[in-house]
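Presented as structure tokens, the chain that follows is alone, the form predicted on its own.
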Amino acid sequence: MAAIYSLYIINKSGGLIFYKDCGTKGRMDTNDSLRVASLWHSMHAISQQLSPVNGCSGIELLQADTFDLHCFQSLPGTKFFVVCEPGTPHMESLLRYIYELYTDFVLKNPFYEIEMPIRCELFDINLTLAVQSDRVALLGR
């Protein structure tokens, strides 16, 4: 079964504003998740500057032996990335859907302050449903 291990949302200045552990493998404490988010933000920014291609938007996929890291960057600069099992399909579409949930439930929340940690129950509920439905769709294939 293809598994999603964790999901991160990083603001445009590199701060971790949301972290969700979705699996039983590789659980991290708060400090480790902050380090991963900071490291990814730095690698993403460096890759944009070092790329020989003009207009490069940074790393979108990092493949390792034991995990894949898929990244989606919104136009304002917020980064969404998911760590999953190698070869897990449709992560780009899942990240785009998570971005839609973010715009619908977080950015439209009158009590949310931009660039601050996300504390929105409706976003969390719908995100959990999206990840679970993605798992069900993967099992059905």
Partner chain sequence: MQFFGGSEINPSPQVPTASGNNAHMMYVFNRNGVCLLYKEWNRPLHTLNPQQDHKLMFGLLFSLKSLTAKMDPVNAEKGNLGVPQLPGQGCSFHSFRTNTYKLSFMETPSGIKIILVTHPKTGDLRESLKYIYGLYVEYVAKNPIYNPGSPVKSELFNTALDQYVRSIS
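Please read these numbers as outputs of a predicted model, since none were measured by experiment. Residue numbers count along the first chain shown, from 1.
A second form of this protein, the form predicted in complex with its partner chain, is not displayed here; the remarks below concern that form.
In the predicted bound form, residue 106 stays away from its partner chain, with no heavy atom inside 4.5 Å.
Although the partner is absent here, residue 83 sits close enough that one of its heavy atoms falls within 4.5 Å of its partner chain in the predicted bound form. Residue 67 belongs to the set of residues with a heavy atom inside 4.5 Å of its partner chain in the predicted bound form.
Although the partner is absent here, residue 74 sits far enough away that none of its heavy atoms falls within 4.5 Å of its partner chain in the predicted bound form. Annotation: in the predicted bound form, residues 30, 79 and 102 none come within 4.5 Å of its partner chain through any heavy atom.
Applying a 4.5 Å heavy atom cutoff to its partner chain in the predicted bound form picks out 49, 50, 51, 52, 53, 54, 55, 56, 57, 58, 59, 60, 61, 62, 63, 64, 65, 66, 67 from 49-67, in order along the sequence.
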